[in-house]
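Laid out below as structure tokens are two forms of one and the same protein chain, each shown alone and named structure 1 and structure 2.
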Structure 1
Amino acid sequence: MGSTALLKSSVREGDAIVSFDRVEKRFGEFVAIEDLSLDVRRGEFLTLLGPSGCGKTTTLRLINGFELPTRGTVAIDGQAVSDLPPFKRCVNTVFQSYALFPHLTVEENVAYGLVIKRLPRRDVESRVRDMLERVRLSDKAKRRPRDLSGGQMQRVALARALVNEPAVLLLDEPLGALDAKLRRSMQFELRRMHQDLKLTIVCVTHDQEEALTMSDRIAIMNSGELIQLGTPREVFERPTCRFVADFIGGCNFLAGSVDGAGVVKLTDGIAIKDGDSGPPRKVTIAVRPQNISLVSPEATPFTAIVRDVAYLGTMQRVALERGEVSLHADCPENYADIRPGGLVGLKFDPEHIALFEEG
């Protein structure tokens, strides 16, 4: 943490398979995507992460062609695709609802893309068979989708897309409908498949854990804008703005300022850190709950009242109140002397705070 610059990330490096160049998408007056420039690199697992309505699904639909940009260009494999209808694009999608064809069997579903491309029957059969083996559904080949469990349907949807060997595989909230345990195992399965098949995957999710687990890079979006693009470690450890810090991992925010000597202070004058190289200004000081240590109130002027303590298994989450400001701290369970109503001191390593410009 520590970067204060808001990075407009459109780093053009590596081999881009999908490129957004200054793309804008409006629905009437509503701006769904605002000036998006983004490259998806060949072979990477890129996740579009953000709250609902942030534009991540629209971004995905600009790739598979169900939406066309209002302005700017989308290119796949170096070719602008604005005039290509969905069925002419070399990408395939796993839909959130799986969208399996209810009147076709599992193998007919998987074969669909190959059959309508008029591939020889023997090729279709062998590729479908291989793909069903890969997703471990060979024994369900003759079943109808309604006879499958959620996880099985998910794998059929995946097989149906992958059998076409798409240049980019698009996943729209792929694990949203699965229970927690299945979701975790599918996260690793997707990751493994990505590596085995050397796929390029663009995945949409609102689940930060899913994004962190599976992705090579994460693009965090909010209100139609790309906020930050980076590896899971980068976005977690070096959020470029308050939104990212809060959305990934959660964060405490405190109002403060930097004085002429480069000392960072809270509004009540308590110095947090020194050596800041920037000009004097107002800042927001961000610190993650797990980076706050609770100490004796005599040890520091930075104190707070304990409001509540929640047991979280490996740690406890402590809700704190400091004047008007609410804070959270996660600390090991064996940490002593924390009772609701009691006064505690707060300490954190200056290395673990981030400063964001006000406004």
Structure 2
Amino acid sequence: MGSTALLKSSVREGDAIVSFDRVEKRFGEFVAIEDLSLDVRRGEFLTLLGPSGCGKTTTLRLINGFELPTRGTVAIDGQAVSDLPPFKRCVNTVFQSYALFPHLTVEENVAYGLVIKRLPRRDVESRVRDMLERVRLSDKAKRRPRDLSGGQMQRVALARALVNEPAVLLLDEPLGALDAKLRRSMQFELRRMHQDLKLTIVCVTHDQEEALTMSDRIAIMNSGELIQLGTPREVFERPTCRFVADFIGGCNFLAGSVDGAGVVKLTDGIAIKDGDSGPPRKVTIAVRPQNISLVSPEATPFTAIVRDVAYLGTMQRVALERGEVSLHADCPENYADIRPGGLVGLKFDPEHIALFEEG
């Protein structure tokens, strides 16, 4: 195919198929991506997660070629791609809007990329038929997008991307247009397709639940920087900084200190956790709402006033106040007779307390 050949993957599963090496992207004076080094492993589902404007979509566009790096190198399958236009990269992108052609049928939408490549008609029909079976839309082949549900349109968009056999599938907020119930269903659908088809997927989202549900690894970004990279369990249970702890799942934060014996104490001297010995230091104590137990105020010196109780079906969220500090605790719906204005004791699960040193 000469100079116009698409990049084809030859790396083994687990090897890096996409690599960022100290990549920077500027738009004028604005730094969208700063010194990004990141490998995407073949066969993994990697999610770029962060708040709006953190640089995750720009990172995706650097992979598909819609943006070029200001500095550094982006490589696919070991080949630098900064000089390659999007159509010469073996990647496909599924957007939030799906971008389906309304005048074409489902099978015509899926076949579009293959037709553009001038593949033989028999090959096109065979690959489209196989892909529609894989996404469970064979019975919708003659329908048009207007006749489909949101989840079905999402699967058509996925089929259209996958039928081209990309080395990497890019998902840009793929479930953002769906309602909450369908979104949860599609999270598991995407996970199933990833596993069944052994895909390499890079997904952009700001939805923490999506990232935790679907991903093998999560790259958390903020202000153009990669803040933490790890499995869903690692970033949730072992956040490396206050931003990650607060962004993933939410946390309560309390001022405290660690004494020479390693005991973690609140600023008023109440000890809440033993620890390793070390130099005395000030810390921020982070604990998630589900790791706080509400007990009798006589059972612990650490008490708070109940300000509000919200019923959330399988649990209740309790808003608490301790002096000028606001806290939240999650507990079973029938956990206790907790009423606004009452005094309760608080106990933390010491195995699920994170400490962040000040300064």
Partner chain sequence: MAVQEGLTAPSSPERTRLWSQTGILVLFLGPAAAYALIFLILPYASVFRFSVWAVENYGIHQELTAANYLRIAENPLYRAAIRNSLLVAGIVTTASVVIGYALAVYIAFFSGRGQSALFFLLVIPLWTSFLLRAFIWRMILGRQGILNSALLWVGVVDKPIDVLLFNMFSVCLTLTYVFIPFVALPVYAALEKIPKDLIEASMDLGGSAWVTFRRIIIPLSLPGVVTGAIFTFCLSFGDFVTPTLLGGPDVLMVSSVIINQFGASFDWPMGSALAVIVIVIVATGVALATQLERRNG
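Rigid core (definition): largest C-alpha set, two forms, superposition within 1.5 Å. As the structure is a prediction and not an experimental result, all values here were calculated from the model. Counting starts at 1 and follows the sequence of structure 1.
**Student:** Between the first and the second structure, which is the form predicted alone?
**Tutor:** Structure 2 is the one predicted alone.
**Student:** Taking the chain as two rigid parts, each C-alpha given to the better-fitting superposition, do residue 112 and residue 284 go to the same part between structure 1 and structure 2?
**Tutor:** Both residues do not go with the same rigid part; they split.
**Student:** If the larger rigid part is held fixed, by how many degrees has the smaller part turned between structure 1 and structure 2?
**Tutor:** Angle reported for the domain motion between structure 1 and structure 2: 12 degrees.
**Student:** Rigid core superposed: how many angstrom does the CA of residue 102 shift between structure 1 and structure 2?
**Tutor:** Residue 102 is displaced by 4.3 Å at its C-alpha.
**Student:** What is the C-alpha shift for residue 129 between structure 1 and structure 2, rigid core superposed, to one decimal in Å?
**Tutor:** A shift of 2.9 Å at the C-alpha.
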